[in-house]
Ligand SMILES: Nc1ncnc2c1ncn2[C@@H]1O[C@H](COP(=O)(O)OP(=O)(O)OP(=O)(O)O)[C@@H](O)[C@H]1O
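Given next, in structure tokens, is a single chain: the form predicted on its own.
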């Protein structure tokens, strides 16, 4: 049945009802805004007073880790009080054997999650823009899954295949099938469905025929796959400008914090983020926090990596 994972029983005991709500930001296509959305969720939760831990699973790009590092450095250089999460990076195993590599990745991930899920209210996980074992594992453990999607049929292709003439969906794509399998894993763990929200990013200010067609296709696919659709962030330069400073639209946007005077674009960006966070409907009480018991049971009994053929099967 594969290699048994050596996870400390003391870290996976099931007697503690408190657990963190796990938020995963995932999409197999890069450049969709995963890190930007993740960071804004983190800062929003921190500013509300929640204890937040973050995990970066993209050991190659490290965009999430760099964003947090930039925030820490900017706060120190400018003597600012900026909220920071407890951050963890997970470097992928370099073992030659795929089974041994997955086993090692599993152990590292499980131990990080076991360490933080009872001491924090939320865990936010940013995933790489490619399919790998850790990405699939994170999706199967999510309570809330956010999938940022650029507002185009190029990005929609990771969810479904669309007829060029009728715009009807004739097939489900690879990433959507992976999420379907992740939901199956969650049902095994605690008989619940993870809350999947597809976030439309880089929205154009003016409506177009393409936007209407895309909206209709998303609506059709959401009814088939059971996800919700939320409007995300527009194509604003300031979101890219925030990254080197580690700032977000939710921070105090004054001259002291920004190093320049805020503009109307800053205020508009803040409103967009607030609307998105409201649409995500993240739990802010004890609902959903008792799910960790089932997650720990699932982790403790997972003696082998998820099998790729099963994930891509109907």
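Note that the structure is predicted; figures quoted are calculated from it, not measured. Numbering follows the first chain given and starts at 1.
Beyond what is shown, the protein has a form predicted together with the ligand; the following relates to that form.
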**Study point:** Candidate stretches 274-282, 259-267, 44-52, 58-66, one within 4.5 Å of the ligand in the predicted complex by heavy atom
**Key:** 58-66
Review point. Applying a 4.5 Å heavy atom distance criterion, does residue 233 contact the ligand in the predicted complex?
Key: yes
Exercise for review: Classify residue 246 as contacting or not contacting the ligand in the predicted complex by the rule of any non-hydrogen atom within 4.5 angstroms, answering yes or no.
Suggested key: no
Check your understanding: According to a 4.5 angstroms non-hydrogen atom cut-off, is residue 202 in contact with the ligand in the predicted complex?
Key -> yes
Review point. Does the ligand come within 4.5 Å of any heavy atom of residue 239 in the predicted complex?
Key: yes
Point to revise | in the predicted complex, residues of 102-131 near the ligand [heavy atom within 4.5 Å] | key: 129
